[in-house]
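The chain below stands alone and is given as structure tokens, in the form predicted alone.
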């Protein structure tokens, strides 16, 4: 059974607020219900994406909003939580179990998902920037990538964030020189090579082919795949030139969609650190291995038009959903005019977690 995305909503990302996780989710879900022609009583699934330790969130939020779904659950997969929730919702609809599922991603700034305390293979280096720096050093050494290449990515994504009122850094301008001169965190990565953990909520409505007939502009999921390479950095660190989970998930998603990388017009790539966007260009197949640092200068593909994780901030459980929402808006020609890209028919979402031990790829088409 075919599955479509009907409606999307994102609340503005902030450093913090007095709202609870449930309150944030309810605000976004209510916005979704106002945008769609699908009736509230037809929504038979709610999946909450978050790394929070709060219990029974799916049912609490269902009750607060007035939903009585067949399934109401919380899902956690670190930074890959949002697209993992979409993957689950897609599977429930494609199998015929559900017809309409709301996916909502929520996170507060100080999320348990921000540190990797469970992975003893990292030793005392338990912050994501430590492994990102190793990827960057390997790329610098093997492919002559340099600080300036990474700064171009940060500059591009922050400029895009200046066109997105929902972005954490919407009103903050970072120029190339600012990025190059920013404080070094872990060599070679500087503070403006890194995303910022924050608070946020993003939601979307998945529908079956039957209900999609009532959608004004349904966006169809053509390919969706996830690959997991365990949990520990030790399990993937044998090759720091590439992220295997991204390569494998991309290959499977393109096969399912019967498409190839050159068919994609616009992409949201997981740029928690600038080096990860470089690796994504290569591992997804937009360019050859070692050429990622040059690809950003060629402008052959629209990337991270909402500002990416670098410009929007990174509310862990909401990120993958907001990435998806941006592509949906672009394909529906509903993005704010200042950042709307022309003639986009197909888009790709790349979301991953924990040094790329897991990655999800979603390919959509209008």
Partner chain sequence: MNLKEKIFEKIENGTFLSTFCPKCKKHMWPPSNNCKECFTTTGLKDIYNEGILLEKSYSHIVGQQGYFGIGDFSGIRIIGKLESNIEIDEIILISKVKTNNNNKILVEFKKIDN
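Residue numbers count along the first chain shown, from 1. None of these values were measured; they are calculated from a predicted model.
Not on display, but discussed next: the form predicted in complex with its partner chain.
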query	finding
Of 159, 137, 172, 251, the one that lies within 4.5 Å of its partner chain in the model of the complex (heavy atoms)	137
Interface residue in the model of the complex among 191, 244, 259, 127, criterion: non-hydrogen atom within 4.5 angstroms of its partner chain	127
Contact check for 21, 112 and 166 against its partner chain in the model of the complex, heavy atom at 4.5 Å	no
Contact of residue 286 with its partner chain in the model of the complex (heavy atom, 4.5 Å)	no
In the model of the complex, residue 237 touching its partner chain (heavy atom, 4.5 Å)	yes
4.5 angstroms heavy atom contact with its partner chain in the model of the complex for residue 148	no
Any non-hydrogen atom of residue 141 within 4.5 angstroms of its partner chain in the model of the complex	yes
Stretch from 68-76, 181-189, 91-99, 287-295 whose residues place a heavy atom within 4.5 Å of its partner chain in the model of the complex	181-189
